[in-house]
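The chain below stands alone and is given as structure tokens, in the form predicted on its own.
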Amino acid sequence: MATQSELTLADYTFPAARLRRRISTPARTPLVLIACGSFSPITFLHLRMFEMAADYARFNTQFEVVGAYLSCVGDAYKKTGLVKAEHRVNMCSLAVAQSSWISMDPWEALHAEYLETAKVLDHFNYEINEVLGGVETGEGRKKCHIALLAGADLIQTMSTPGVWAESDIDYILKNFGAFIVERTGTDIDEALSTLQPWKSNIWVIQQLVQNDISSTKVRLFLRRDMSIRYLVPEPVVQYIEEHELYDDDGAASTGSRSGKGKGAEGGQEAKPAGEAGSSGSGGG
């Protein structure tokens, strides 16, 4: 498989090999989970969020999960600790190499310009429902519901005035919705109180086993020359060591950005301001 540095948009093909093309219960709605973010680096919490969301959907909704995707922000997102997109895509690819249902899609990272979260979700909707035609049910074809998967930090940024354009919040939550994993230190009820118009399209997942791993903490450990094993997948540890990433936070990064647009770590971080002052979600 080509690494991200060898890929271009001209070479790009949508990674559909792990997308299940038929649901087992025709009455259910097929669901595809999308985690957008920095993933610098990807951690076990990022991966665990998919499993939590799949369990939640199976027991608490009429959805049937048929696939999941990681989508890394591109190099236009300037932030301290954000190594080049090719490294983050490669690390994510290594992290999900053994997964039967989680894929890495490099499409967002291949763009030189910053892409808003809404555009990324539109991309998945187009590829899965328009190009592939959704999934088979045994009683005909059904379009997949595309949903954002994020940490509670995302909802907190959405409820903070001035961080997101309301039109973008409305577009994302009305058309796609979000599965949100609760996070220590985030008052999810307070955050949701300002998002009542979209509450039926927001699913909150409780962490039954608390996990406080964050990309920020992993980078801190690396700067202090401390072990990060069992915080991130072993192939990612080896990749970081091989490429000498994060030795000095910022030295291998594409640049830094301060001010508005930076959200809490661990689950999701806000993307930099985009059109109409909007920002999106990011994982570390």
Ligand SMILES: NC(=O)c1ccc[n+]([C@@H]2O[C@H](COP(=O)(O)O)[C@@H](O)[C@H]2O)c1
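Because the structure is predicted, anything quoted here is derived from the model rather than measured. Residue positions are given as counts along the sequence shown, with the first one as 1.
Note that the form predicted together with the ligand isn't included here; everything after this is about it.
Shown here without its ligand, the chain is overlaid with the ligand as it sits in the predicted bound form; three or more ligand atoms lie within 2.4 Å of backbone or C-beta atoms, and the site is blocked.
Contact annotation for residue 163: at least one heavy atom lies within 4.5 Å of the ligand in the predicted bound form.
In the predicted bound form, none of the heavy atoms of residue 75 sits within 4.5 Å of a heavy atom of the ligand. Using a 4.5 angstroms limit between non-hydrogen atoms, residue 37 touches the ligand in the predicted bound form. Proximity of residue 79 to the ligand in the predicted bound form: non-hydrogen atoms within 4.5 Å are present. With the ligand omitted here, the record of contacts in the predicted bound form names 116-124 of 99-107, 135-143, 116-124, 189-197, defined by a heavy atom within 4.5 Å.
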